[in-house]
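First, one chain by itself: the form predicted alone, in structure tokens.
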Amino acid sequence: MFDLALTRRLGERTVELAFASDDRVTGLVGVSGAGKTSVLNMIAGILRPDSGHVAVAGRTLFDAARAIDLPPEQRRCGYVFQDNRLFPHMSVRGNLTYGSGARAGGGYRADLPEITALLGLEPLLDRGPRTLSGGEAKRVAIGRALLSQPDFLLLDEPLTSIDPARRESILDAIDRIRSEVGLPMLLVSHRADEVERVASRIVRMAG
């Protein structure tokens, strides 16, 4: 589902990664500063690799040799950022529906009731982001990504700064997406033991 070979010079260091995975959930693990987020940004089209290729579910998003470089809005990527990036002036409902249905073509399609039921968000819909716990905010960010009609999900450190009890709720949500939705997911973490429960393949990046 993910087929990557990426190289990008960033200041004094070079980020390099190559792997192919047909697993529904792939974990990308490495120490802080290894370049995990840079890899996600290259897949999403936010950062351009110096060389290599990116293909997801058989669809080529970037190939330096063939001069293919789809813009981010054409990659049909659901990106859950480490800091969630929820709009503070919008309710949970507004955050979830922001940009939903804006993409033409394929991608996972679900409506608001489906996603709120899947992630247990019904009681939160009229609340503001500042009133949410870390785990609740993360589930809202995941729901917004799912409502954007993605072909795949990128999750950047979804368990960081969340207490153990709420961490379980995030892992449960990812597990439900894996079993009920079936989208390819690339899940970044600095700890392999945190993602082994949901990821059937672990890719390690050197520091």
Partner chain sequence: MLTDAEWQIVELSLRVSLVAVLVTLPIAFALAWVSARTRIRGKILLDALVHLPLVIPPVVTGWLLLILLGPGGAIGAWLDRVLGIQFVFRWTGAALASGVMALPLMVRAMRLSIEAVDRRLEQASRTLGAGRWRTFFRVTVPLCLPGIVAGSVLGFARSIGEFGATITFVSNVPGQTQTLPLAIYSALQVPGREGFATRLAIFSIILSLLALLVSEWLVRRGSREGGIV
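Note that this is a predicted model, so its numbers are computed, not measured. Numbering follows the first chain given and starts at 1.
Omitted here: the form predicted together with its partner chain. The next part is about that form.
Enquirer: Among 55 to 63, 169 to 177, 138 to 146, 26 to 34, which stretch has residues whose heavy atoms lie within 4.5 Å of its partner chain in the predicted complex?
Expert: Of the stretches listed, the one contacting the partner is 138 to 146.
Enquirer: Contact with its partner chain in the predicted complex for residue 162, defined as at least one heavy atom pair within 4.5 Å: yes or no?
Expert: Answer no; every heavy atom of residue 162 is more than 4.5 Å from its partner chain in the predicted complex.
Enquirer: Examine residue 83 and determine whether its closest non-hydrogen atom to its partner chain in the predicted complex is within 4.5 angstroms.
Expert: Looking in the predicted complex, residue contacts with its partner chain include residue 83, since a heavy atom lies within 4.5 Å.
Enquirer: So, residue 72 and its partner chain: in the predicted complex, are they within 4.5 Å at any heavy atom pair?
Expert: Judged by the heavy-atom cut-off of 4.5 Å, residue 72 is in contact with its partner chain in the predicted complex.
Enquirer: Does at least one non-hydrogen atom of residue 125 fall within 4.5 angstroms of its partner chain in the predicted complex?
Expert: Residue-level check for residue 125: no, no contact with its partner chain.
Enquirer: Looking at its partner chain in the predicted complex, which residues in 110 to 130 have at least one heavy atom within 4.5 Å of it?
Expert: Those in contact are 129, 130.
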